[in-house]
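In structure tokens, one chain follows: the form predicted on its own.
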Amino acid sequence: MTRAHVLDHVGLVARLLLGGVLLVAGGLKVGNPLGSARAVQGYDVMPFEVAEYIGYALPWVEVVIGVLLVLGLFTRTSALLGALLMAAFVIGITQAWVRGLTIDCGCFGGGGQVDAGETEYGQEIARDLGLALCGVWLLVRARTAYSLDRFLFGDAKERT
């Protein structure tokens, strides 16, 4: 097995991890758009109506990016969007923690007020940073094993 082959498979893992988490997170929220809107409003960082629209759109954005990453289609662009989404989540969770809010992140449904002992900010930030690193890996090296990019466009599009 060559070094390039190993790196292609590391990229595959990064792609499936980031894409799979986004796909599951969005999929769990798509059927409850009001709950997603309330979760975004719980962060209290933007006007109530703006947070509502973002809450409605966010699950669909997560699903689309997740599907593209799992399939390995437009990998670099999808990875950029996925990494930016994770960075936004880290910032949102961090500001909630710093401000003393006691909310569920709403990352996989749910959201809203919880008891102070029920917050999991540290674990959520660590998880999202790890997922953001998967996106950064794919930005640097979009070439991965078993991708539609490779099947449809060959290796030329993926060269890093």
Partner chain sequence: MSNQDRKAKAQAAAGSTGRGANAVVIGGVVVIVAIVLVVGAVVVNSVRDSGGASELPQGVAAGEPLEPYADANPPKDAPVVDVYEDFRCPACKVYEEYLGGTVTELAQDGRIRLRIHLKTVIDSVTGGESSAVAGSSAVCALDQGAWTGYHEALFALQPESEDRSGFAEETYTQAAERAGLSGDALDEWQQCTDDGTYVDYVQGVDDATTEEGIRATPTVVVDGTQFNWSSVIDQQSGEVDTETLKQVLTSGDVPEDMVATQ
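Residue numbers count along the first chain shown, from 1. Everything numeric here is computed off the predicted structure, so don't read it as measured data.
From this point on, the text means the form predicted together with its partner chain, which you will not see here.
Chemist: May I ask you to choose, among G122, G31, G117, G100, the residue with a heavy atom within 4.5 Å of its partner chain in the model of the complex?
Modeler: Looking at the other structure, the residue within range turns out to be G31.
Chemist: Within a 4.5 Å heavy atom cut-off, is L133 in contact with its partner chain in the model of the complex?
Modeler: Although its partner chain is absent here, L133 would stay clear of it in the model of the complex, with no heavy atoms inside 4.5 Å.
Chemist: F89 near its partner chain in the model of the complex, any heavy atom under 4.5 Å?
Modeler: Taking the distances in the model of the complex, the answer for F89 is no, it never comes within 4.5 Å of its partner chain.
Chemist: Indicate whether D104 is a 4.5 Å heavy atom neighbour of its partner chain in the model of the complex.
Modeler: No, D104 is distant from the partner.
Chemist: Tell me, yes or no, whether D128 is in contact with its partner chain in the model of the complex, where a contact means a heavy atom of each within 4.5 Å.
Modeler: Heavy-atom contact with its partner chain at 4.5 Å: absent for D128.
Chemist: Using a 4.5 Å cut-off on any heavy atom, which residues of 79-96 would contact its partner chain in the model of the complex?
Modeler: Counting only heavy atoms within 4.5 Å of its partner chain in the model of the complex, no residue of 79-96 makes contact.
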